[in-house]
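The data below hold one chain only, encoded as C-alpha cells and taken in the form predicted alone.
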Amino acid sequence: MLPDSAGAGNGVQRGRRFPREAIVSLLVLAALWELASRNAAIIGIPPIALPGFARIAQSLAGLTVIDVAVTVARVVGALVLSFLLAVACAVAMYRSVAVERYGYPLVRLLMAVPVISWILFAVLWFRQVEFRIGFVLVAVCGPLFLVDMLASMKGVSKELRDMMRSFRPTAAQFFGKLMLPAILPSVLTSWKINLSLAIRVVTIAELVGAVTGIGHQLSVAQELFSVADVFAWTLILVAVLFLLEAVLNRIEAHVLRWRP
C-alpha cells in the first residue's frame, strides 16, 4: 500500500505543480514580449510588428462576438457531420471485407490531399460560402474519424466478439453493447485531435469568400497591417480551442468515470 500511496501523492503533486509552472512560463513569455515591444526600435524591429499588450487589449475590446460564434458553429457542425459519416463508413467497412478493400485506399487517398487543395476545389466547385467551408472541414476531418474508428473496432478482442455473438445479438445490440464501449476512449481521443485540426483549417477556409468568422477578420487585419488585431484574434482562437477541449474533457470524465 505504501508505494501506491506514494505514487498517488506524487501524482497529486504533479497535478498541482503543472498549472503553476504553466502560469510562470506564460508570464515569462508575456514579459519578454512586452520588453521586446518597448525596445523594438533598439533591436531593429518596426514598432508596428511588436504591439504591446495595451494595444492588444484595445484590439480585444473591439472584437465582434458574432464572428467567434459563427466560427465555433461551423467547427462544431462540421465535426458532428464528419463523425456521423465516418461512423456509417467505418461500420460498413468493419462488416464487409469487400467494402474495406475497395473503400480504404480511397480514404487514404483523401487523407493525402493537402488542405489548400481542398480549399481550391471548394472554390471551383461550389458557389455557396458555407457549403465551401463545410466541405473542406468534412473532407479533412472525416477520414481521420473513419481511420481511428475502424482501427479501434478491429482492436476489440476476438474472444469478446465471439462471446458476444454466442448470445445471438442483433447488429444494434452487438455494436451498442460491445463495440461502442470498447472504442469510446479512442473515439474521444479522435475528437480532440480533430477539434484542434478543425480550428486551424476553418480559419484558412474562411479566408476564401467568407464575410464572417475569425478567418475573415484575420484577413481584414492583414489587409490593414494590424499586427495587434492579428494577435488578438489568434488569442481568441486559442481560447476557443481550450474551451472546447475543456468541454470534451468533461464529457470524457463523465462517460469514462468507470476507469480507475
Partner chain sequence: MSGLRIEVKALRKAFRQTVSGSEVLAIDRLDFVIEPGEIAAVVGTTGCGKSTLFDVMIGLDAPTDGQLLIGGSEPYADFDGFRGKIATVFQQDRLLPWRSALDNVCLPLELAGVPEAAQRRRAAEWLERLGLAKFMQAYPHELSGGMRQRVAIARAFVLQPAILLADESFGHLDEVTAAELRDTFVALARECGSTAVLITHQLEEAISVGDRVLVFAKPASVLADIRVSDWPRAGHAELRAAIQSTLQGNCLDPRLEPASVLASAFAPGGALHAGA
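Numbering follows the first chain given and starts at 1. The structure displayed is predicted, hence computed values, not measured ones.
Same protein, other form: the form predicted together with the partner chain, not shown, and the subject of what follows.
- The chain is drawn here without the partner chain; in the model of the complex, the stretch among 144 to 152, 89 to 97, 72 to 80, 170 to 178 whose residues come within 4.5 Å of it by any heavy atom is 170 to 178.
- Contact with the partner chain in the model of the complex holds for none of 127, 216 and 236, as no heavy atom of theirs lies within 4.5 Å.
- At least one heavy atom of residue 160 is located within 4.5 Å of the partner chain in the model of the complex.
- Using a 4.5 angstroms threshold between heavy atoms, residue 165 counts as touching the partner chain in the model of the complex.
- Interface residue remark: residue 85 is not counted as part of the site for the partner chain in the model of the complex, having no heavy atom within 4.5 Å.
- At a distance threshold of 4.5 angstroms between non-hydrogen atoms, residue 182 is in contact with the partner chain in the model of the complex.
- Of all the residues from 242 to 258, those having a non-hydrogen atom no more than 4.5 Å from the partner chain in the model of the complex are 257, 258.
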